[in-house]
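Take a look at this one chain, the form predicted alone, written out in structure tokens.
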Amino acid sequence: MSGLSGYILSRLGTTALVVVGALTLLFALTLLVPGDPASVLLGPRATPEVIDDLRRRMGLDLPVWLRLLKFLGQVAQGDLGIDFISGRPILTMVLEVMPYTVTLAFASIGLAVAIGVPLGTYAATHPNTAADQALAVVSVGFIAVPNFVIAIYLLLIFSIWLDWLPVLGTGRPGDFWDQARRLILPAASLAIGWVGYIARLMRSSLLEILNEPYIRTNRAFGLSKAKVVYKYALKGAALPTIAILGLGIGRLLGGAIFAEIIFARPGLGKLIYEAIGTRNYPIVQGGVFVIVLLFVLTNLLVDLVYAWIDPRIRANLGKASS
């Protein structure tokens, strides 16, 4: 077995363990929430008989260990359960809103990369200047401000005061431009914090690369600074940014709940938020499981791409297999 194949199998095994651990933790957390889910779902006028019947249908009368095994077994078969309010499969409900959340997360990280990489590159190529110091202050400010605060101010400024962009919803079905315009503010509210992260990371990585011997050698041979930066240094400096993208996409999937609530967008975050309010645990478990799965799969993909791009990792994997 080659080093890369062994690395892929190892990462797949680690991913499976992470998913099982996350599911077990998720199940345990639902047990700690006070209140009886069946009573909350049915309301105060429900009779004890009706409540007991719903408890049996939800499996709440079973021992905890048996409920956990049943839950893990259903998830392994692709069954996330049934919503006991609407009677619909939870997987269907999750798949209906998941594209909105995934689109929002990837639009946000794409916007953050498109802004953060040029800012970090400019700061690294103009170190200790007034512009570099200003970008440092702005980057730290972007990181420090919570996403929901940014979302509220963006809504007030660009939708209420200036009336440049629509306020709520996802747009008319089939109308790409209307949907794109309504995606700008939610994506920007999630992206701004990551602009600061990516810009600072890009600056420090590029400064380190620019001090490498092979970069100084290229400069000594008369290559222009711009060619050295954009043809040689930028590729190596981008590797840490690629590594952090998996974490960024995972955090954006979780943080999308604020944007979905503030901008009245459908999505996984809003679905989970509404389910928590009604103690609809099957939906909470199913929605969080999908977010965890997307998170670990994204990180797995980023790790594999990183190993494929970075020749040092490929060399180490080759030595390990020999």
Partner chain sequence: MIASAREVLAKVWAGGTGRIGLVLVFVILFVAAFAPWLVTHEPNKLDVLHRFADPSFEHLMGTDQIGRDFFSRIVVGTRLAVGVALAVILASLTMGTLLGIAAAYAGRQAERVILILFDIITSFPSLVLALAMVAMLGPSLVNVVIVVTITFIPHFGRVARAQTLALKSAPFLEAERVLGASPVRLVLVHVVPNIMGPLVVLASMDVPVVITIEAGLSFLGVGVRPPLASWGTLLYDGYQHLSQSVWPVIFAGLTLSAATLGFTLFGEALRDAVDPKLRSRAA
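Numbering follows the first chain given and starts at 1. The term rigid core refers to the most C-alpha atoms you can superpose between the two forms while keeping them within 1.5 Å. Just so it is clear, the structure is predicted and the values come from calculations on it, not from any experiment.
Quick note: we don't show the form predicted in complex with its partner chain, though the next part is all about it.
You can rule out all but one of 193 to 201, 75 to 83, 102 to 110, 117 to 125: in the predicted bound form, only 193 to 201 has residues with a heavy atom within 4.5 Å of its partner chain. Listed residues A180, A130, I160, L95 were compared with its partner chain in the predicted bound form; I160 is the one with a heavy atom within 4.5 Å. Residue contact check for V145: one or more of its heavy atoms lie within 4.5 Å of its partner chain in the predicted bound form. In the predicted bound form, L62 stays away from its partner chain, with no heavy atom inside 4.5 Å.
For L12, no non-hydrogen atom is located within 4.5 Å of its partner chain in the predicted bound form, even though that partner is not displayed.
Looking at L207, you'd find every heavy atom of it more than 4.5 angstroms from its partner chain in the predicted bound form.
Looking at 9 to 32, the residues that come within 4.5 Å of its partner chain in the predicted bound form, counting any heavy atom, are T14, L17, V18, G21, A22, L25, L26, L29, T30, L32. For L297, a C-alpha deviation of 2 angstroms or more is recorded between this form and the one not shown after rigid-core alignment.
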